[in-house]
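Only one chain is included here, represented as structure tokens and corresponding to the form predicted alone.
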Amino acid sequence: MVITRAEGSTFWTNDGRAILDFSSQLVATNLGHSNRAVQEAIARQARELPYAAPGFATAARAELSEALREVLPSGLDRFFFSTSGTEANEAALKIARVAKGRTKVLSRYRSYHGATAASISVTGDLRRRASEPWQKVPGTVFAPDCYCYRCPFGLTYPSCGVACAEYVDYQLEHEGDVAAMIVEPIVGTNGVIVPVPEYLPRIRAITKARDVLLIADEVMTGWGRTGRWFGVDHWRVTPDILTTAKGVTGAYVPLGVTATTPALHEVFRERYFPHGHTYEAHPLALAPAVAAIGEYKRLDLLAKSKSDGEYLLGRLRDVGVRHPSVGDVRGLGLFAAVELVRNRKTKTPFNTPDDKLSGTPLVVEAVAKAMLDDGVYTMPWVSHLVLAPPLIVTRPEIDQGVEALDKALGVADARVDV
């Protein structure tokens, strides 16, 4: 499919079809397409100073640093600028390992942290398994997920005592040599899994008590996606390192941010930090981020994401009840997932990660194809759809997307166990 132009929540193909972007491409175009303020910031920076080596200071770098300090959790005010989420995580992992002088990183099975060597090694999903023979950085230990619909312990909240968090304490007590734990505050690609209220505060308390750094991967959950600036804000948790990308520029220009505490920054005043690249702190990427932050504020998109997210989830739950192929509907803000199952009672999925790895046609992809034929794009992954429209989406556009899903779910309903 060839895309020729995009505006607002819609993109057009070369044959003139208008497609509603119901997943913000890859959960990235939070501001929608063709935001004028961001476009103008790119053009203005290109005229004034299109590039400077990272050893120089620039106005764009200073302005973005000040803008970030206003919106990030208090205490995260030292920044390393790269060009993607995966590079932001690479920097975070190196910072943690060098600062602590330890090797291991604790991650979770339902996670995705990037495609380069260190970030794919701390990724829990099938992409790590496909990459390991050639691209494995040793030292990752995986923890259970806070996934109540499919609890890894077979327990039920709240009587479970949040065992998934308490087990992390057990792991850190016995593992040794752990520098950091990396988490997506709300799991992204692997299911938009929202943790129970106690989970992240408990993880923060455990990591502090065990002298382990906490890295929050906010590549998807940042920039108003969940109704707050960042996912951790919902639980008033401040990590030692926060990484983000995508929505920081509305995805108009590639930019990754690794934010740390002053205490971590101080470590590297006397210790060499062996990390950097030609496009670090690229002014053409920094200037539109300043404009994007201004647009999130001007359009009051955090409040809009919260209210429209509640509307979206309500509509999705109404639809889900009517379709036997829908096992679970979950989300926060304009960040939702619909999980498909072959059997509601047993929660048996139509497909598994092994099916994806082997190239088996997936039921969720057939549903997404039916939606696309109806003029709505959404992102399928193994056994669920990720529904994350731009934060500027209108209520009629939400209705259009949900109605397309309602019709397309007939494809999955036809394959459920009788």
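Computed from a prediction, not measured in an experiment: that's the story for all the values here. Position 1 is the first residue in the sequence shown; the rest follow in order.
The following text describes the form predicted in complex with a small molecule, which does not appear among the structures shown.
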Answer among 141-149, 200-208, 161-169, 85-93 for heavy atoms within 4.5 Å of the small molecule in the model of the complex: the stretch 85-93
The single option of Met220, Val248, Ile215, Leu334 touching the small molecule in the model of the complex, heavy atom within 4.5 Å: Met220
Of Gly191, Gly224, Gly114, Pro195, which one comes within 4.5 Å of the small molecule in the model of the complex, counting heavy atoms only? Gly114
Residue-level question: is Glu184 within 4.5 Å of the small molecule in the model of the complex, judged on heavy atoms? yes
